[in-house]
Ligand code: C5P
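Here you get one chain, nothing else, as structure tokens; it is the form predicted alone.
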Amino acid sequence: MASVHPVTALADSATACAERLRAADSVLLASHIDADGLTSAAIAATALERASIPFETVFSKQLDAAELESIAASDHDTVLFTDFGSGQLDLIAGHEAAGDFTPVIADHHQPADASTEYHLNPLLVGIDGASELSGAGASYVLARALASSTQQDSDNRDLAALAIVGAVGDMQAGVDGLSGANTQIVSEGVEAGVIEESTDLTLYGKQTRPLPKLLEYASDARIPGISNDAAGAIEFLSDLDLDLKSDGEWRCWVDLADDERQVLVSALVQRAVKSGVPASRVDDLVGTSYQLTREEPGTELRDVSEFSTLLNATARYERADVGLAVCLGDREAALDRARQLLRNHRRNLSEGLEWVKTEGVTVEDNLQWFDAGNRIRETIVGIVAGMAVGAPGVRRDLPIIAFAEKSDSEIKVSARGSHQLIREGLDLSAVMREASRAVDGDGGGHDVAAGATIPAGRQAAFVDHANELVGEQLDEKSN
């Protein structure tokens, strides 16, 4: 039998938070809108419902002072914040002191300089919130504690599936899979029969993309003559001694037998080596993969990477309700709508990436940046920035900062780094927070990915501050 506390270091805070929720008259569940935020909310909502605790759910792109005023005006004695709240703890503490509500926080972002009694965050116990436990993971730890403290049939281990979707959606999985506290959640999910962990091709789209598209869009590997080359991908597949079509249509990776997969992977690796692809990237073609065993094979929901992308395509277009419904089990109207939004999301990402490739980036001493204005939606500009790294003219050895219009008076800032830069001392959370506050904005996030909101017209000053801060971080580490 698995422990009731999958992450032992968080046991005390998880138990305290669970007891507070049980004592609440009613709970307002407030969550972030990305894949990690949606899965965090779904885990918490399911746990609250199973514990017979009344609640209402709201979502927010940014938990600022105005949003907290709205939350404080709601008729709930307790507010459960998931996938945000820690970074806004200084603002939340003011409402707590005023008696507006009792906060319960299940988050993994860098905490602000304040404290509260019911605060579940891996960073408080020495666990890396950027790579070892996501917001969904924190919600899962809370859900397990809530189940153990109430009389209910479920132990909530089935919610590990959503926790892993959230972690992967939050870019916490490398080629070797998830690490740290996340692995304990994977183990519980495997034991509960909701997760399958395997060694497989790492390319995105194994469940839904026809083989030529699977290879054509494999931009991470960038195999000459195959990546970004529709005709080349088809030619490569046609030269293999395999029957890769069914009724005249290309099969998907999920349709292949094990021996067919081995032949294709072997040929792909050989092609990559002959084409001069660096050994490290060739090795990255195969790694750890996670599937949700209760979802139908060949759908976006079977593979955790595709599931997380589907969720990102809902809330980033103001339809968090759709993403939440899918997480909660709606496989009809909500899933159909999510698929429509996903098609739109992919089109917008493609157009945004092409814009960056065409316009290029500006390179400073310690970072590179672009200002998309209103050409890229502010809710996806960070994703586009991450996708652009490694494209022609966009360097891998520098963090990238992207600007997009949020409103007539505000600019959204998104920053992405690499784990190599993190090892060299980069902390984008601190950069975003300090640089934005220097220009009368605010920000935060993780060391490898962070964001901010600043006043319109302050981009140049922001870049100056950020460039200096990144330089100081990297110099300090090297010395």
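Don't overthink the numbering: it's just position in the shown sequence, from 1. Every value quoted in this text rests on a predicted model; they were computed, and no experiment measured them.
What comes next is about the form predicted in complex with the ligand, which does not appear here.
Original post:
Among 167-175, 343-351, 142-150, 225-233, which stretch has residues whose heavy atoms lie within 4.5 Å of the ligand in the predicted complex?
Top reply: Heavy-atom contact with the partner occurs in 167-175.
Original post:
Does Asp442 reach the ligand in the predicted complex if we count a contact as any heavy atom within 4.5 Å?
Top reply: Taking the distances in the predicted complex, the answer for Asp442 is yes, it comes within 4.5 Å of the ligand.
**OP:** May I ask you to check whether Ala450 falls inside a 4.5 Å heavy atom distance of the ligand in the predicted complex?
**Re:** Yes.
Original post:
Any chance His419 has a heavy atom within 4.5 Å of the ligand in the predicted complex?
Top reply: Judged by the heavy-atom cut-off of 4.5 Å, His419 is in contact with the ligand in the predicted complex.
Subject >> Interface membership of Asp303, the ligand in the predicted complex, 4.5 Å heavy atom rule >> reply: No, Asp303 stays farther than 4.5 Å from the ligand in the predicted complex.
**OP:** Let me know the one among His119, Arg157, Arg316, His76 whose heavy atoms come within 4.5 Å of the ligand in the predicted complex, would you?
**Re:** In short, Arg316.
Subject >> Interface residue in the predicted complex among Gly205, Gly382, Pro103, Pro212, criterion: non-hydrogen atom within 4.5 angstroms of the ligand >> reply: Of the listed residues, the single hit is Gly382.
Original post:
Which residues in 89-126 have a heavy atom within 4.5 Å of the ligand in the predicted complex?
Top reply: Going through 89-126 in order - heavy atoms within 4.5 Å of the ligand in the predicted complex - the hits are His108, His109.
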